[in-house]
Structure formats: structure tokens, C-alpha cells
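So this first bit is one chain, no partners, the form predicted on its own, shown in C-alpha cells.
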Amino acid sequence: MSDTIYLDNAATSFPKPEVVRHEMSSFCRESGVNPGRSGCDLGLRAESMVLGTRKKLSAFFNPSLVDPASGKTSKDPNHLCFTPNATASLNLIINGTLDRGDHVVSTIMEHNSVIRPINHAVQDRGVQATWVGADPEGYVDPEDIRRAIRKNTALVIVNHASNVLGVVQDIEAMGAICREEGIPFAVDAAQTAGVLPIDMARMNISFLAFTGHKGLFGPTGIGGICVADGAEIRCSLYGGTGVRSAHPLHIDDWPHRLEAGTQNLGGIAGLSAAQDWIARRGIESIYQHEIALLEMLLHGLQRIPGVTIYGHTRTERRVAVCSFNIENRMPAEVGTFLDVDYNILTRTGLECAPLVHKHIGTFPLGTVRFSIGPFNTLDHIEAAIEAVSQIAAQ
């Protein structure tokens, strides 16, 4: 893989920091037993690792809410619940907040991990849904969210950053509207957790869905939900928790309310190490590196005849994702050329976001997507621009 140029970080970041691999191996070798099921030293050590990771991520996302009576804030790390990925988290949020007759507001910028669970809730439980539109660049007007809210609206759920266009929505303004209207606010942070600062308390986010394997630089198979203090969500996953086993129903205590069965302990250990790596590197430093490379990429692609870039070509309010097409070339064909002839790995097609592609006119074939990570270099971007130039000239 030494000569491979990896530009598919929106799917999963690669390579991972070396400390992630080391910590996962160390945990599995030295203390990889099931926490909460035994009082032995190894079990307690595993339990300590899991709780420590909850605390790190809880501090990272700041789910504290101010108590109106006392003016004080509280933060319970057990409201950080682990799941396999953002998709599982979003399913738990949608299924744990919407009942028959409820109304949900979302947008056309969503990933299928939001679109499909909502569509199933509409089909199976009689939930009503409104899909708010976006401008030609992919930005959603927060006031359109307000206008879509009804008396029976039980949830607003929004994608923080598009995995197709890279546009970052004004989550803080949307959260303020939800606060004014008294509506729970859920955010899909699959593309922004670890990439952009997220302050749940300031942004009035009730439920934050994240995955560990993208901007948080952890392994695949680990993600989670961060639930704001006071936000209501019911359990929709039932099974063993390692505690209160005689109880016939799934217990409602945190974090067990949203967790069941044995967790991905190796993944949690890797995610913990990744959090330390981000802290040392600095989230702003990582972001600025990726955006500088994105700016170079956008400028280079703009100069190539026959290349169309989708979304805007400015670098403010966006993440390091660039979707494009080459005139008279199928996206899948371009992806194959990049892989086979230039050893550049990317993503082609609809990127699991069909409504976005309908909006920008690229449905059903989709686009070619480059997505940049912290281990990409100027040389990688120059090589990608030259490869696209050569393919476009053929």
C-alpha cells in the first residue's frame, strides 16, 4: 500500500494513527475480558477503560445542559452510549423518539442512515415526515426548518456535513430554533465528529450520532450516541447488560438504556487512543491541513476542461470533500481508471445519499468523490489533479 494514494476518507479514515493499532493490540492481549460480568481485576480494568472513553468523548461533545432552577450544568458520561456505527445510532434515535402520529423534520441532504429509518417509520408506524430543501450549493436555510415544524413535530434531525458536497449546515441556528419551538434536535455527525468542534450545550443538540472510524480516527465497528442531559429517548434494543439480570425487561438506567450485549471492547480501546491522538495533534490543526489540501484540489480541478465540480468551490463552511464528474465519462469508469492506472482510491456513485444527487442533477449515476484526510500530502493532491487531467484528455 506504500504507493497507494488514499482519497476516500469520508468512507473511513486511512491509515489510522499508529497508537490506535497499538492500543487495540495491547488491550486484547492484556485485559480483553468482558466488563460488568465479573469482579476480577481484568474485568475491572476493562470497565475502567470503557468508562474512561465515555468521559473523554462526553467532554469532547459537551452534552451538558443548564438547569434553569439552579443555573448549574451537569455532565453524565453514562449518557455517552456505544453502538457499532452512526447508522445504528441514528436508528436508535429515530425509533426511540417517534411514535405513531408523530411528525419528523429532516432535509434532502441526508444519508440513507436517516432517510431509510424515517421511511420505515412512515411506512410501518404512520409517522409523518417533511424533507426540507436546500439551495443549489446544498445549504439548508434554518428558517425553512422552523417553517416545517408542526404541532405534532417530535424530532428534527439534520446532517451536519454532507458526504457528497462537503457543505456544513448552520447547526447552531437550527438548534436555537428547536430550543424556541421546544423540539428535540438530533444531529448526524458522521462527517464532522473529530473534524469540527461540536458543543452540544451551545448548539442545543439533544442527540448526537457519531461514528468512530472517520474523523475520530478509530477502527471500524465502533460509534455512539451522545444524549444531552434531560433529553428523552426510550430503549429499543433489548438484551443482556451484565447487571440486574433477574429483571424481566431491559433496564432503563444509563448507559444500558441504549446498550445491550457485549460491546466492541477492542474498538473502544482504539477509539480512546484516537481521542488522545486528536488532542495531541489538535482538531483545528488537522482541519486546517485538510482544508488547505482541499483548496489546492479544487483550484486544480477547476482548470481541467470537461470537469464539473458540484457544490461551491469556496473552502469556508465545508469539510474536505470534493465531488466531480468528467464530461462524457461514467463516474464508475473514472474511479476504475484512477484505481487501476494511477493507484488512487476514491468513491464513485451515489454515496448512499440519493436525495442529494437528485438535487444536484447527478442521479442515478452519481459522482466521483475525493475526500481528504490528515495523512494526505501535497504530492497526493498533485498526483490526483494530474490523473484527472489525463483521464479527461483521453
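Bear in mind the structure is a predicted one, so any value in this text is a computation, not a measurement. Residue numbers here begin at 1 and follow the sequence given.
What follows is about the form predicted in complex with a small molecule, which we do not show.
In the predicted bound form, the small molecule sits within 4.5 Å of a heavy atom of Ala86. Using a 4.5 angstroms limit between non-hydrogen atoms, His111 touches the small molecule in the predicted bound form. In the predicted bound form, the small molecule sits within 4.5 Å of a heavy atom belonging to Asn163.
Contact annotation for Ala384: none of its heavy atoms lies within 4.5 Å of the small molecule in the predicted bound form.
Only one of 127-135, 262-270, 308-316, 208-216 places residue heavy atoms within 4.5 angstroms of the small molecule in the predicted bound form, namely 208-216. Between the small molecule and the residues Cys178, Cys322, Ala190, Ile225, the one pair within 4.5 Å by heavy atoms in the predicted bound form involves Ala190.
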